[in-house]
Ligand code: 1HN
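So this first bit is one chain, no partners, the form predicted on its own, shown in structure tokens.
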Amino acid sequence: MTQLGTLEELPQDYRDAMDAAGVAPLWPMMRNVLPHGAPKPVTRSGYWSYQAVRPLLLRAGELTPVEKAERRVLVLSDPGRGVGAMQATASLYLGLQLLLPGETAPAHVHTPSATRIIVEGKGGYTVVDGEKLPMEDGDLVLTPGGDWHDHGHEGAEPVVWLDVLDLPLFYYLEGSYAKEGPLQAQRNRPDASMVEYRAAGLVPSRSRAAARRYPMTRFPWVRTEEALREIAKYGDGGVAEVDYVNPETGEDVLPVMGFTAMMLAKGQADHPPLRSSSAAFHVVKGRGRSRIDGRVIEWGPKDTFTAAPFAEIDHEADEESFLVRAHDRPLQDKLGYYEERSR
């Protein structure tokens, strides 16, 4: 590999002149922006124990009313960027959000897309463009960029969900903003997952109605788990996985973010290829461990952990376990550089 010159090798008067002209030499920085062979991520694997974070989240409910927070969230920051960073990986934002009984979170709309993985509680709901979406443990709920949404709670115990947003990308592009509005009128019918898209492979007849861009915005966990169990039952012994897709197009549910659910039987291990996409794993239920670039993470129910691009990942379950992996493969596919490498 060619040994490039350094900034210090250049005369001081030349460096001062470049500063005054508002320019800089590329060659001393080239290996930082175009490293050879593979990226050099700032992102480091993070791990957040739900048992450790939950008391802090409940205390936030005591200290800060939702009216003063709009969204009462504790941010899960990438260790490589430090506490307070609005990133869990380069492209994914993660946060744990709390809604208490009787509370409502006001309606707003924003350019980034958001997804909720429901962690605990009953009686919570999200309204997306007038469609009321119940929130049950493990459900995946979409609030796509440009869609109005608000939250409410009709139950008797705290409701918590994991927010997954493509916020870092929109912030980097200087395109991140939101608008506020009144609570939405709710349509008097079940959501699309219970009506139009109740069964896999069946969609409303195209002769009657044109599909929306995001036709299904709630993916009930009970059906996801059922699908995983059937795949595991009749599969080849490998890890059972399903991708969340748009039921009309078969494409990923959102433009930037993708989601994959996986099931590990007791004692089962998984050794996925090295992927160019970063990832966040949320444990719906189960216990086990993951080795990520040599770091061992012991995880349990409702925990969350992350992996950087091209991380070497190994999973092993101590008991039957279900995880959801959020990733940025849809964005990388669109940019034409998604890659998998054998180990």
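Start at 1 with the first residue shown and count on from there. None of these values were measured; they are calculated from a predicted model.
Absent from the display: the form predicted in complex with this ligand. The rest refers to it.
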request  = Please state whether every one of the three residues Arg223, Arg229 and Lys285 places a non-hydrogen atom within 4.5 angstroms of this ligand in the predicted bound form.
outcome  = no
query = With the partner removed from view, which of 188-196, 146-154, 262-270, 249-257 is the stretch that lies within 4.5 Å of this ligand in the predicted bound form, judged by heavy atom distances?
reply = 146-154
note = Checked Arg212, Lys122, Arg81, Arg71 for heavy atoms within 4.5 Å of this ligand in the predicted bound form; positive is Arg71
ask   = Which one of Glu103, Asp163, Glu241, Asp137 is close to this ligand in the predicted bound form, taking close to mean a heavy atom within 4.5 Å?
value = Asp163
ask   = Gln97 near this ligand in the predicted bound form, any heavy atom under 4.5 Å?
value = yes
ask   = Can you check whether Tyr93 is within 4.5 Å of this ligand in the predicted bound form, heavy atom basis?
value = yes
request  = Considering only heavy atoms, tell me if Leu169 and this ligand come within 4.5 Å of each other in the predicted bound form.
outcome  = no
task = Determine whether any heavy atom of Lys132 comes within 4.5 Å of a heavy atom of this ligand in the predicted bound form, and answer yes or no.
result = no
key: Contacts with this ligand in the predicted bound form - residues in 107-143 whose heavy atoms fall within 4.5 Å   = His108, His110, Arg116
